[in-house]
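First, one chain by itself: the form predicted alone, in structure tokens.
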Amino acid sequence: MTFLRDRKVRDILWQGAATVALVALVWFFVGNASENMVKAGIASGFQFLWRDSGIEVPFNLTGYKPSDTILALLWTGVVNTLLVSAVSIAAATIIGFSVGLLRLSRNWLLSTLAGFYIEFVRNIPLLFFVLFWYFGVLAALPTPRESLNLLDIAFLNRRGLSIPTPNDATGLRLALLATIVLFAVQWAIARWAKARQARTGRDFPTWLVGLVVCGVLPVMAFVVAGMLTTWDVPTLRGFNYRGGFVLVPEFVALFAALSTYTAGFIAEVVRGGIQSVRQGQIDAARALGLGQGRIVRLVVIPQAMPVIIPPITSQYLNLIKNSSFGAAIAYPEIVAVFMGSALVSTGQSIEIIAITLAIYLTLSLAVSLFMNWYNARHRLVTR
């Protein structure tokens, strides 16, 4: 038994014992639940996923129909959750970084307004934001007959935003392909410019070129593609608009609530990350003749990112989980359509809850892995 004196061996044995105990505990609860369900005459298993759902979903991008299976209903909820989470993360990041920088501004008015926004958001429940945007802002919009006209192609009212859809998306697909190619070209230019600067010390206007390659040219490509494409423009028929695509108010309200709420927390993270950069680094950059904009972009932000990324990852994970608040306003995300409608329809509570938990866990782990990879890839190398 002398091997037990080795600390590593003892640690492995304790971890193995803890794992066995955890598996046994889970096995006991699952078996107990299954036995009770059999006694109560409640069906168990995952066969219900292939039944016809019969559930109407007012907003979906998957082509789902009530005659489809519950598995298709689940996929629709996942897609809707991913959609609102992705656009909210992008908007919250932009707003949060902007507000965080304004919080450190020397302009008293801008700094005070940014500070008020941060403190207000961080001390108000998210549910209030969701209900405020849905009942306080979007419900005040006009009726369909009095819709806000946007260039005679889009119409905003309390039933949503009606926008045109292409009859043939070939040109838009080509424009998207061209945009991807342009981003790849910009990535190659940036790598070449960085290697050239390290080799010769000569600078290259990477940001200016990137603005043209990744900004102007893609916009021109989509404009040309849009001009060559025929569109299904919404038209008022009766009491509502027909044709095109309707961005439902539930999506807009949830997107606005998640992005503005999370942005307040991201702004505080950005402020703390920037203030963690030593003043001597900034003074040295000024001594080299760098302007304020280049100091922030080349000196402050790169050193602040290792401090910013871990807590900002937590905010991204919170946003994904907070998308479940869409159930409060009937936005068809996972909780609303699966843990709500599908659970009531089938009664398979344990299976549905387990699937929902597994989906949220998978999404959270995927985001964490990506952010950890990004953090490791861009970590500053120090001596």
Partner chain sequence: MIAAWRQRLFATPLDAAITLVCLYVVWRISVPLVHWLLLDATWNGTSRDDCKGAGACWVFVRMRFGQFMYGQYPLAERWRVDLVGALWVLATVVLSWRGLPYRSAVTLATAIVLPPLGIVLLHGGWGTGLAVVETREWGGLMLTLFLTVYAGLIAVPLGILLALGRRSRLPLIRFISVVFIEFWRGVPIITVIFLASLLLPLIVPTGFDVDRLARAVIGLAFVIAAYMAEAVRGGLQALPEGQSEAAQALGLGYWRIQRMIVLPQALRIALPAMTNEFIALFKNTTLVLIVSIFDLLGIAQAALADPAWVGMNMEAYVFAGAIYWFVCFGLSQWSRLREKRLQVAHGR
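Just so it is clear, the structure is predicted and the values come from calculations on it, not from any experiment. The term rigid core refers to the most C-alpha atoms you can superpose between the two forms while keeping them within 1.5 Å. Numbering follows the first chain given and starts at 1.
Heads up, the form predicted together with the partner chain isn't pictured, but that's what we're talking about next.
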Mind checking whether each of L74, L101 and Q281 has a heavy atom within 4.5 Å of the partner chain in the model of the complex? no
Only one of 180 to 188, 196 to 204, 243 to 251, 132 to 140 has heavy atoms within 4.5 Å of the partner chain in the model of the complex; I'd like to know which. 132 to 140
Although the partner chain is absent from this view, report whether S364 comes within 4.5 Å of it in the model of the complex, heavy atoms only. yes
Touches the partner chain in the model of the complex: T356 (any heavy atom, 4.5 Å): yes
Does the 4.5 Å heavy atom contact test between R145 and the partner chain in the model of the complex come out positive? no
Is there a non-hydrogen atom of A18 within 4.5 angstroms of a non-hydrogen atom of the partner chain in the model of the complex? yes
R286, R173, R122, R297 - the one with a heavy atom within 4.5 Å of the partner chain in the model of the complex: R122
Which residues in 89 to 127 have a heavy atom within 4.5 Å of the partner chain in the model of the complex? R106, N107, W108, L109, L110, L113, E119, F120, R122, N123, I124, P125, L127
When the rigid core is used for the superposition, does V367 move between this form and the one not shown (threshold: C-alpha shift of 2 Å or more)? yes
Is the C-alpha displacement of V26 equal to or greater than 2 Å between this form and the one not shown once the rigid core has been superposed? yes
